[in-house]
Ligand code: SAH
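Encoded as structure tokens, the following chain is the form predicted on its own, with no partner shown.
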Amino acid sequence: MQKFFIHTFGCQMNVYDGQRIAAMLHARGFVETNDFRDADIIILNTCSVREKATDKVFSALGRIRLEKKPDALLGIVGCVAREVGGTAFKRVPELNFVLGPQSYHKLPEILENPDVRLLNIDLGGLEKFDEMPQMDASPAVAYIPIQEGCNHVCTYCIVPYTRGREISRPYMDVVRDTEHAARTGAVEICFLGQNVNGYRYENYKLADLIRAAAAIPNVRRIRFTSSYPTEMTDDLIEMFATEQKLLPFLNMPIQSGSPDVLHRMNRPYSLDSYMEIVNKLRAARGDIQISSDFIVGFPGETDDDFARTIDIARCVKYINSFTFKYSPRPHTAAAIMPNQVPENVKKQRLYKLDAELSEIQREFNLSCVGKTLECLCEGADKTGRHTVYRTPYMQQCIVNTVAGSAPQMAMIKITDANKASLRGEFAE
């Protein structure tokens, strides 16, 4: 019986891609292994949003090629494959295939002809969604891609090159995927896209998909990621007021609090317009909480620019955020901008911003103590002695019970908190 190994890097879209690849290999009689040394085919499912992410891929390849089975197939799929193309074969001669994020459905070609190197980094639109098999069983949380690519062309971002221009999936295809996920075990639906709230298909928008998902009885929770501020339309904001299955949590990246930096990033919104959206969301649902993405050390960022980022973090009080040092990416305008910020300055700013955001997160977590929240079981913790639940705000909550006996959805009373997680017990 042949075995496969997949290591997924990066975003939730990559997680979904990895699940679909696994489903395809299962359908061909393969079984999954957690040890690449035991695998007959080894797949690195890659992310290239930052330089460090690309470096991790080639570091892993360097280790794997020395320890894998001699006849095992080795390849990369995803954004790094699209970024580096055929040069990957020169860097790692042992590679058998290099498939871009819209080409991984071509993987059977290498299984049928393992002696030929396979290179396909074409931007093939929606073909992969049509050709890949449905998953037989869904985890409790189903990630459903609704669009891919991005038209915003932020000057730091490689996504338009690796994933292509924005394209939305047909409405009924998404609905069918959502219904299938619910029938096979999913109780939470997370709609995915590089610009998820920019979804447009004929007259359908993201709000229509949320309504369709909410009408499915088995679906208990709905969320979406990652959103773009200018696409947060009034009809979508209204969904937070009218649809209780839509979680009171939203990732809406601002990236910087400086108008000058936002302009150089090609992020076409003002701080006033961003705050107007935040205020509308909070008026629609009083308990909504917001997270963000931040980039520090963007070319030309001054101390004053960075201070404005700290100010916006304090003003909005983001409860959970992703922070990054700017790293130049190929095929982007920012990579050749003047006034690149020194690495030591970027490191200092990242440390300061992380400290500020951690304190905000700690304060919010502490404010949850004493509250009872409906949470979704995520499984056992690393010790196997406790169960991890996920709150409506995506906080991790540890409950002192064995995972096998824990209900999938439960009302949890929060008893303790720190900056990273919560502790809780089943409510009486």
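Note that residue numbering follows the sequence shown and begins at 1. All of these numbers come straight from a predicted model, not from anything done at the bench.
Omitted from view is the form predicted together with the named molecule, to which the following refers.
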**Q.** Touches the named molecule in the model of the complex: Tyr156 (any heavy atom, 4.5 Å)
**A.** yes
**Q.** Distance check, Ser327 to the named molecule in the model of the complex, heavy atom within 4.5 Å
**A.** yes
Q: May I ask you to state whether Ile295 is within 4.5 Å of the named molecule in the model of the complex, using heavy atom distances?
A: yes
Q: Decide whether His26 counts as a contact residue for the named molecule in the model of the complex under a heavy atom distance cut-off of 4.5 Å.
A: no
Q | Contact assignment for the named molecule in the model of the complex, among Thr178, Ser226, Ser321, Thr309, heavy atom within 4.5 Å | A | Ser226
(Q) So the named molecule isn't shown here. In the model of the complex, which residue out of Ser258, Gln194, Ser103, Ser291 has a non-hydrogen atom within 4.5 Å of it? (A) Gln194
Q) Hey, of 378-386, 65-73, 47-55, 356-364, which bit sits against the named molecule in the model of the complex at 4.5 Å between non-hydrogen atoms? A) 47-55
